[in-house]
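Coming up is one lone chain in structure tokens, specifically the form predicted on its own.
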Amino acid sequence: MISSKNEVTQNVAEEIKPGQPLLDLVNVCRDFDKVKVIKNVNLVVKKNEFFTLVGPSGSGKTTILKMLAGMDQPTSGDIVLGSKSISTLPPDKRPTCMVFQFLALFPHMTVGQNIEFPMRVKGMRAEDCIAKAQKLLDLVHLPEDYYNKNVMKCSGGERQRVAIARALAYDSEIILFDEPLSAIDAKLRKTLQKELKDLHRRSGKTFIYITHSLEEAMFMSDRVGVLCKGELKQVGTPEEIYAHPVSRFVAEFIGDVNIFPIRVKPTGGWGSTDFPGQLFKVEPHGDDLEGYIIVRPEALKLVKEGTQVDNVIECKVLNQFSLGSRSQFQLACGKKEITLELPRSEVDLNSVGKTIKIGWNAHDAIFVTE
């Protein structure tokens, strides 16, 4: 049967209402051989939300996930469930379960036996295990007759679904995902992303997901945390992080950007850049500041006769790429490369090699100081 300590933490999680803080990481640090891998991370995850940690390889995503699961402990700081510290609790005493990157399914078992495993460990009756496993098959969109199918005869996407169903069989409040879609082809990955988002809604569980894929993080999450070298750089909704990045790193990681170093003049409103002799109009941010203005490719406009924009530069078209309903252009302005994105309806299909003018308005640029 489930241990009393597991029941306690599970009950604590169940008593918290949706939208309220569920997990709280307080000044969490993790050192390995005196190297700080996680540096003073403060993070609140709300009950029933789909929260994703995203960052490049080596940023500390998996280390944080292991600490949440109880596979590792913070060097300092605390992990709090509701008002109860769980930093030193082992995995089987927490209201969490994990879907691993390489799934860790039992190859000698059927699909049904894999799903039933956590229920049988808890001591549930065989008929109850079978009934719940069949419900979970339906929940993850697998046919009922897969119950007796050997799991190794399933496709990669089907095994992913089995692993998720098995995680749900634990009936834990919090499900942790360790890059579960990283080894799947692009088309199936997109399908499973949609299914995971829908499954999150239908299950009512709290999902904490880690990935190095920006697309996954933006597509599925209620909120996203961006990690870099063990530091949590920004937390917000996908829309907030995309539209209002707090740093150059976050802006570059969250999508294609054009970045111009700039020094805002003491007179305010204008700044000098790395385009010789040219000033750019900027939104007011104070006088005599150094930083960067960030312009997304879709914020740039083709400047034709009669077009009114605050800032204009002349570029040569190097390459053109089709994105379906939109086209992307690689441009050269002196030694600087710029990315432009336009709807197909505005595109000249024979523009490579031509010189064009592009521009943007000051309110469409983002100013950051680091």
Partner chain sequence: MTKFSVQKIKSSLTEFISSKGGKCALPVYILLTLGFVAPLFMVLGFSFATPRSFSAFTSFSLDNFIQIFDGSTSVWRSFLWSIALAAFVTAILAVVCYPVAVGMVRIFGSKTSTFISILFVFPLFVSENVRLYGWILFFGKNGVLDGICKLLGFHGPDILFTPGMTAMGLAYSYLPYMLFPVIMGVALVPKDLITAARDLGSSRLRTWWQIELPLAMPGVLIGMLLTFVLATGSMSESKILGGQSIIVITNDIDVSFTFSQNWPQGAALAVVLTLIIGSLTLYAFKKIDLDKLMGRS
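Numbering follows the first chain given and starts at 1. Remember, predicted model here, so these are calculated numbers, not experimental data.
If you look for the form predicted together with its partner chain, you will not find it shown, but the lines that follow are about it.
Check: Since the chain is shown here on its own, which stretch among 194-202, 212-220, 79-87, 166-174 would lie within 4.5 Å of its partner chain in the predicted bound form, judged by heavy atoms?
Finding: In the other structure, the partner sits against 166-174.
Check: Of these, 254, 105, 300, 227, which has a heavy atom no more than 4.5 Å from its partner chain in the predicted bound form?
Finding: Filtering the options by heavy-atom distance leaves 105.
Checklist line | Contacting member of 69, 317, 309, 37, with respect to its partner chain in the predicted bound form [4.5 Å, heavy atom] | finding: The option sitting close enough to the partner is 69.
Next item on the list: Look up in the predicted bound form whether residue 120 has a non-hydrogen atom within 4.5 angstroms of its partner chain, and give yes or no.
Entry: Residue 120 belongs to the contact set for its partner chain.
Notebook entry, point to check: Does residue 125 make contact with its partner chain in the predicted bound form, using a 4.5 Å heavy atom cut-off?
Noted result: No - in the predicted bound form, heavy atoms of residue 125 and its partner chain never come within 4.5 Å of each other.
Margin query: When the contact criterion is heavy atoms within 4.5 Å, does residue 109 count as touching its partner chain in the predicted bound form?
Written below: Yes - in the predicted bound form, heavy atoms of residue 109 and its partner chain come within 4.5 Å of each other.
Check: Closest heavy atom of residue 100 to its partner chain in the predicted bound form, within 4.5 Å or not?
Finding: Yes, residue 100 is a contact residue.
Item checked: Contacts with its partner chain in the predicted bound form - residues in 130-159 whose heavy atoms fall within 4.5 Å -> 150, 152, 153 sit within 4.5 Å of the partner.
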